[in-house]
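The chain below stands alone, shown as structure tokens; this is the form predicted alone.
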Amino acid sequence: MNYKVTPLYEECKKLGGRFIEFGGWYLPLQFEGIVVEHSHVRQKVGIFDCSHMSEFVVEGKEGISKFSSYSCEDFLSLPVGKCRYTALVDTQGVIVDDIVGFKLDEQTLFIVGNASMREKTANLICGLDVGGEDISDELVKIDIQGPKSRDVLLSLGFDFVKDMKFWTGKECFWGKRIMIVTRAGYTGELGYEFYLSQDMGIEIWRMLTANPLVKPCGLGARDTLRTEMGFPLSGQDIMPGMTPLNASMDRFINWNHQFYGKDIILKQKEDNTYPRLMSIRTYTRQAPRHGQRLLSDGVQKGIVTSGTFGPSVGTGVGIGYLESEVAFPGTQLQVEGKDLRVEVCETPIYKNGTARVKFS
């Protein structure tokens, strides 16, 4: 086998994980079943081995400032403890990777990127200009997702999650050992992300999977959950050559911040004729599928970039890359060669997620 495996590979294998190749990695597609795992995340707690993701650290205000010049967000002014989702761009305003940045302290920025884009992102972050460090191989990443996730973590002694707000993070001690914890998520549900040393990761994975409220989940459920939320997948929805506007990342651009390619993106915004990613859904259980062409009056107006059955909404759901004249909610489109209509809709499609729940 020429694929990479995570430090949790043997643990996932013991739990009955069925594996597939994904971006050069051998990762669990499912354990008990995609729909079962999907529903468990929506109702209780699912955990995901996301150790294939890439992580970087940028030290010093100068380094953070230089990094921010490649980012649509100004991380230098970001308050300590806050997380931001945004895009890294090149000098032409084209997306290098979509990332989450977290201000660990005034001098330290922690960055999470996609596994498939690790080399390109590392070239940008770890080059002489920014001077960051790639720490991906040092960490295990466990995502704990679901409305009961906080309760489970508190019951296991992870008291530091008690007061965490949405899109925040911090360094936390568990006993005498330290980890990085964020509250963000890729499922639409209340959730936390643990960044751990490898030995600590195996120990905590075992603790979590022993809890009766928790099920291990694979890439299949992760895909159905994120598609119901309209969250794009790097390399599939976010394709080479796209700008943040093409990727419908408008709300994640800090227009008061100067970054490479900003003038090009502003011109694109003013023109407003650019194609963009939009959520789509069917009227039946039949799902749109990646690569299918979307037609209006027999003329192609888009293409399906992601598509699956959405267990929480009971219909097919997806993401389409659409021409501007059809990229608005309510537009009806036809899948080429299929007796299947789709409707362009607002994001998220599933609207009952618990991600933003507040605790007193």
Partner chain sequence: MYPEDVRYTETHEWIGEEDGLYVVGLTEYAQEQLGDVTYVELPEVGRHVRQKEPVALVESVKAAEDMYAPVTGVIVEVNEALEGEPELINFDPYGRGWCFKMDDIDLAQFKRLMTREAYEKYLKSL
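Note that the coordinates shown come from a computational prediction; the quantities given were computed from them, not determined experimentally. Residue numbers count along the first chain shown, from 1.
Beyond the structure shown, there is the form predicted in complex with its partner chain, which is absent from this document and is the topic of what follows.
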Which of 57-65, 26-34, 298-306, 324-332 sits within 4.5 Å of its partner chain in the model of the complex, heavy atom basis: 26-34
Heavy atom within 4.5 Å of its partner chain in the model of the complex - the one residue of 165, 251, 285, 206 that qualifies: 285
In the model of the complex, the one of 243, 224, 116, 279 near its partner chain [non-hydrogen atom within 4.5 angstroms]: 224
Joint contact, 4, 42 and 215 to its partner chain in the model of the complex, by non-hydrogen atom at 4.5 Å: no
4.5 angstroms heavy atom contact with its partner chain in the model of the complex for residue 289: yes
Close approach of residue 338 to its partner chain in the model of the complex, 4.5 Å, heavy atom: yes
Contact flag, residue 351 vs its partner chain in the model of the complex, heavy atom cut 4.5 Å: no
Residue 14: touches its partner chain in the model of the complex, heavy atom cutoff 4.5 angstroms: no
